[in-house]
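We've got the same protein chain twice here, in two forms, each standing alone as C-alpha cells: structure 1 and structure 2.
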Structure 1
C-alpha cells in the first residue's frame, strides 16, 4: 500500500521538476494539508524526506522551501551533468536502434512545437523527454541511473534560462544539432555538442540566482 507521504513526495517532485515550484518557494503545512486532504503527519514525513535528498531546505521562521543551491554547487552539478550527458550521446550514437531514433525524434518534435509556441512548461517537459530518450538509447543502465539522480537536483534550475528571450529557440536548435550528430554516428561531435549545451545553461544561472537571494 502506497503511503500518503509517498504520494505527496511524488507530487511535489513533479511540481518542482515542471517549474510550478521554484527555488525559494515556501511550503506551508496548512496549505499542503488543504490541497491534498491529508493530516500534517504525512506532510512532515514528506518534507523531511525531501530535505534529506536535497530538494527542500528548512530555515528559521520560514519553514520548508524549495532549496536554493549556491552558484558553486550549481556549477559543480552542471559540470558532472555535462560529462554524463555527453557520454550518453556518445554511447547512443554507437548503440542506436530504430525505436531509439524515433523516441529522440519525437522528443525533438515536442521541443520544436513548444519553442514555436513560447510555452515554457511544455518545453520543459519536452526537454526531459528528449534527454531521457538519449539516455535510454545509450543502453547503459548504470549511466541512466546516475543521470536520473543528478537530474533530480538540476531540473528545477534548467528551467530558469528559458525565461531569457530567444532561449527556447536556441535550445531547440542545439537539440537538433545533437540529434543529427547521434543519427550520423558521430559520437564525439554529439558528446561535445551536448557538453556545450549543458554548460551554456549552467553559465547563465549565477546571474539568475541573484534574484532569488
Structure 2
C-alpha cells in the first residue's frame, strides 16, 4: 500500500513544476484537503515534506506558500548545480561503463533532433535525459540525489523558455563537446566544460527573473 501523503507530494510537485502553482502562491490546508478528498493529516505531511526539500516555506501560524527565490538565491543554486554537474562529468569519465555511454549518447541524439527541429519542449526533455544519463554514470547515488533535488528547485523557474530559442543549437554543441570529453576519459576537461555550460544558463537568470515579475 502506498501512503496518501506520498501521492500528494507527487501531485503538488507536479502542480508546481507545471506552473499551476506559482512562487508566492498560498497553500491552504483545508482547501487542499477538499480538493484531494483526504483529511488534513496527509496534506500536512506533504507540506512538511515539501518545506524540507525547499519547495515551500512556512511561517508559524501563517501556513505554507510556494517559495520565492531571490536572484541571489537562484544564482547560488546555479553555482552549486554547476559544481555538482561538473563533478558528475568528472566521475563519469572515470567510471564510464558501456551502458552508461549508450545512455549518454541516446540523450545527446535526442538533443540533436530536438535542436534541429527547434522544438523547445522536446529539447527540455532531451536535455534532462542527457544530464540524467551523466548523473547516473557518475556512480555516486548521493550525488544523483542532490542533483535531482536541485533540478526540482530550479525547474520552477524554468517554465519560460523565452530565450532558450536562440541557444538550442549552441547548447547541443556544448553537450556534444562534454560527452566527447567524457568518452575520451578527460575528466577535468569534461568538468570544466560542464561548469561553463551550466554557468551560461545561470548568467541568463536576471532576465528570467524579470520575466517572472
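If you superpose the two forms and keep the largest set of C-alpha atoms that fall within 1.5 Å, you have the rigid core. No experiment lies behind these values; they were computed from the predicted model shown. Residue numbers count along the first chain shown, from 1.
Structure 1, not structure 2, is the form predicted alone. In this overlay on the rigid core, residue 18 has a C-alpha that sits 2 Å or more away from its partner position between structures 1 and 2. Fitting the two forms on the rigid core leaves the C-alpha of residue 187 displaced by under 2 angstroms between structures 1 and 2.
After superposition on the rigid core, displacement of the C-alpha of residue 178 between structures 1 and 2 stays below 2 Å.
Once the core of the two forms is superposed, the Cα of residue 43 has moved 9.1 Å between structures 1 and 2. Core fit done between structures 1 and 2; CA of residue 57 shifted by 7.8 Å.
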